[in-house]
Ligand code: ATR
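Take a look at this single chain, the form predicted on its own, given in structure tokens.
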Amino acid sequence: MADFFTFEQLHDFPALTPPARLAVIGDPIGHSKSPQMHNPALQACGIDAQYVRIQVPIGRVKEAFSLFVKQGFLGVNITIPHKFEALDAVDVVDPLARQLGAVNTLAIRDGKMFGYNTDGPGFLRSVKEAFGAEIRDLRVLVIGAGGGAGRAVAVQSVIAGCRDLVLANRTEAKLEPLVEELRKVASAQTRLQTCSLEHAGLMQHLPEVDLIVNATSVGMKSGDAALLPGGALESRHLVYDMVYRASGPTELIQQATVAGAKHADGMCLLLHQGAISFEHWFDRPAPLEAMRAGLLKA
């Protein structure tokens, strides 16, 4: 079987055994590890279905969703660059997805399309697993808060009652609309601050935060510039790099290791947001260990 199917194939989808009933869409999509996570889950639960990758071009998400309904799919995961387009392509948007500003999970029930966002809740679960901590007890720095992933982390952190939240972005002024939005849902006790991605700006806030989240794409390629200067991290810091790569730990994870700081990468988020998607599709607990084993094998 090919690494992925094309948008054109959705019009007359090939017959597979077991039948394709779930998918992940993106552009590109061949790199996605979601099938290696969800297919073991389906097998563990005895569900006669399989999960596939489908490459969908920008601007064709709504049409693709209609074809998924026509082809009898149960659900779809949505990744870059389609999460914002998906928000306007579903029939019903979950309130949390509306707050987070993106849809990354489609559930199809009786021909109707329901949109969810599992990135925010998956972030909370993965922080709990990786660090044994609740967001409400932490002071959080989000590097790259202006992007989709960073925005989801920021909004979810505020909803969860985060004490202090520092938002860092390449252009600090672009954070103003997000800050205004966060103020509407933040408690009176939550302190919101912003800074640039310049090392000097980040260094100013490192002494007063516990959890550092990289929500940028920096680290996906070997040789990417370091987000933080060497020696900036302390052993007390919790480091969450939303990037994951098969070639080895990112520069940020390496810095955390040298500092003796607890750390986690984006594979942890992929696992937990995937488990929540599974729960939306089948209204049952996800077989987390089967999904974890599939990812580790991949």
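If you're wondering where the values come from, they're calculated on a predicted model, not measured in any experiment. Heads up: residue numbers just count along the shown sequence, starting at 1.
Absent from the display: the form predicted together with the ligand. The rest refers to it.
Although the partner is absent here, residue 217 is a contact residue: one of its heavy atoms lies within 4.5 angstroms of the ligand in the model of the complex. Not displayed here, the ligand is kept clear of residue 194 by more than 4.5 Å at the level of heavy atoms in the model of the complex. Mapping the unseen interface onto this chain, residue 112 falls outside it, with no heavy atom inside 4.5 Å of the ligand in the model of the complex. Within 4.5 Å of any heavy atom of the ligand in the model of the complex lies no heavy atom of residue 126. The partner is absent here; in the model of the complex, the one residue of 170, 205, 98, 199 having a heavy atom within 4.5 Å of the ligand is 170. None of 176 to 184, 68 to 76, 144 to 152, 118 to 126 except one has non-hydrogen atoms within 4.5 angstroms of the ligand in the model of the complex; the exception is 144 to 152.
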